[in-house]
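Presented as structure tokens, the chain that follows is alone, the form predicted alone.
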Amino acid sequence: MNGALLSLREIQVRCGDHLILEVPALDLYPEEILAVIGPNGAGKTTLLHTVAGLVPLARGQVLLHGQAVDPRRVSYRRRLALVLQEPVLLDLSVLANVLVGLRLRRIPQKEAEALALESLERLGVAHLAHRSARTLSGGEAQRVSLARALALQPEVLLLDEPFSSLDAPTRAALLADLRDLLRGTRTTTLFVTHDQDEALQLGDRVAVLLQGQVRQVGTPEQVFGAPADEEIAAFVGVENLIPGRVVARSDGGVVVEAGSRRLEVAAEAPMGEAVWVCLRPEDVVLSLTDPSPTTTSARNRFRGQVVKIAARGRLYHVTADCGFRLVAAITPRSLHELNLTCGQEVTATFKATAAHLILRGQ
């Protein structure tokens, strides 16, 4: 079975007559972290619970090391460990919580305590071993929950949005520590999240789940840099989806006609093909003057008019009408220095290598 540790084949999950999850094929390879991303309600938790044997299959198979298994059997579930969004800890000490799973597996007491303390140490909470779990902060509790799972030395670790309930500083610290820990222990991990930054930081590969279907699987560079269709592009933040048609070849790529404008894209597509030109806002540069070819390597330069300015977290997204809608992401400092206002004339530039083509209708 192509070297995969865990595989899903022709999986369907139903709620009554409603099909809520359909996965023709998905593989998880030894020592990799596969991040599954999708909006709320896409079926991410259902997918994880299907792998964990907590959701019955309408059809399909789960395979471990190429062999079909019954996900409901205890012998299979004991080869996995699951960490939920909210840490579920017993009203016991931290150490006793981590020992629970080890004792259920009848690990000798001294060995179990050594494994538990080692796991707590790796998560940076060994000093809390004799504290009551009821006294922990949210971040501490999630670290203990992770320590409990990792102490079992699972073949596959399942993570269900473990950072979603944490504040930003706690989340950032735990994410960095967990990334280093999973890589250091080479723990095979299936991780679901709606947060794309988490997927980028943790995932060796990324799977996009939309409306209960896995739509694309690839490296982070492939998924975020070359989304397979316009719906995936919109989800991963490719805000610029410019409809056009391939009308010519250029040096190292093609020319796409979009309305009255022509765009150069470092990609291949058949002549006459209807396409989407996909471009991330951070790859668009705005200026008040038209930069000459001697000051920029960007092949695409278009005059336009600012029609919208919107704050997006730490950046501003500026929309310009250049004969087509074009969104640029700029810093507050750039917004101030350019003194941008709606109605102002600007020049938008971007490199041919920054754009990606999707065939329309795929």
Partner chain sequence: MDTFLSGLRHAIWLLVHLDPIVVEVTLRTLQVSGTATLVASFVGILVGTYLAQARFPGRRLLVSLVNTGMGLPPVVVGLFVALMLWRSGPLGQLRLIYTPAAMVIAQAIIATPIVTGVSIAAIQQLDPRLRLQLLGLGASRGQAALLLWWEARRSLLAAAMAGFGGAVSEVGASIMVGGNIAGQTRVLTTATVLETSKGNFDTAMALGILLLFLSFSIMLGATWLQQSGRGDR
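Numbering follows the first chain given and starts at 1. Everything numeric in this text was worked out from a predicted model, so none of it was measured.
Just so it is clear, the following notes concern the form predicted together with its partner chain, a form of the same protein that is not shown.
Contact annotation: R78 falls within 4.5 Å of its partner chain in the model of the complex, judged by heavy atom distances. The closest non-hydrogen atom of L92 lies within 4.5 Å of its partner chain in the model of the complex. Remark: L54 counts among the residues lining its partner chain in the model of the complex, judged by a heavy atom distance of 4.5 Å or less. Proximity of L241 to its partner chain in the model of the complex falls outside the 4.5 Å heavy atom cutoff. Out of the listed residues A234, V100, I107, A266, V100 is the one that sits within 4.5 Å of its partner chain in the model of the complex by at least one heavy atom. For the residues R72, H130, R249, R186, the 4.5 Å heavy atom test against its partner chain in the model of the complex is passed only by R72.
Residues placing heavy atoms within 4.5 Å of its partner chain in the model of the complex fall in a single listed stretch, namely 81-89, out of 201-209, 81-89, 249-257, 119-127.
Annotation: in the model of the complex, residues H49, S145 and R148 each come within 4.5 Å of its partner chain through at least one heavy atom.
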